[in-house]
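Below, in structure tokens: the form predicted alone, a single chain.
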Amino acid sequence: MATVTLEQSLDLYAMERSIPNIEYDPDQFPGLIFRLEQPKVTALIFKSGKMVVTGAKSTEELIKAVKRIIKTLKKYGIKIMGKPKIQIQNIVASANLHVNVNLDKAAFLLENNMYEPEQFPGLIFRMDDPRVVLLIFSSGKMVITGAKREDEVSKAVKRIFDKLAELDCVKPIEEEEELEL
């Protein structure tokens, strides 16, 4: 998820009238909804010139999407001055450690975690460096959220794997279990 700032205000009514496939109902939501098919992203565009762009699978895809949005606006007569400022707010990623994780033991030994298996099957771990939150499951699969750069995701996965291994909280997946998947 990223924010994009255009250093200008936008006429959302004019955009709705001239650009096809745009949703704008200011009584329901103050922003205009612009969906791109390729890359598949959604942009919420506000009259202040700010946008929120979600759905990109990489930083590269995000930049490509923003360029395509700007190009589409220009194509339909919306004047865009200057270059958009893109700021990544949050990267959400998934990973698989390919090991089983003993979450009870990890919950006891790791700091900054929350594990309530009756409420949610994953352990929630708040990492300080990089500053991300990991949802870790006993299958070794995880969701990483809060990163601002793609390399922070890789660093977080490596750090949590090393820490879990050091605390003896991981064990190899049995061959039979792998075959079932």
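Just so we're on the same page, rigid core means the largest C-alpha set that superposes within 1.5 Å between forms. What you see is a predicted model, and the numbers here were worked out from it, not measured in a lab. So that there is no doubt, residue numbering starts at 1 and follows the sequence shown.
Another form, the form predicted in complex with the DNA, is not on view; read the next lines as being about it.
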Test of understanding: in the predicted bound form, would P39 fall inside 4.5 Å of the DNA by heavy atoms?
no
M127 versus the DNA, in the predicted bound form: is there a non-hydrogen atom within 4.5 Å?
no
Applying a 4.5 Å heavy atom distance criterion, does D162 contact the DNA in the predicted bound form?
no
Considering only heavy atoms, tell me if I69 and the DNA come within 4.5 Å of each other in the predicted bound form.
no
Full three-residue contact with the DNA in the predicted bound form, heavy atom 4.5 Å, for P20, T59 and G77
no
Going through 18 to 36 from first to last, which residues have a non-hydrogen atom within 4.5 Å of the DNA in the predicted bound form?
E23, Q28, F29, P30, I33, R35
Rigid core aligned, does the Cα position of G55 differ by 2 Å or more between the shown form and the other one?
no
Classify D168 as shifted (yes) or not shifted (no) between the shown form and the other one, where shifted means its C-alpha moves by 2 Å or more with the rigid core superposed.
no
Comparing between the shown form and the other one on the rigid core: C-alpha of D27 shifted by 2 Å or more?
yes
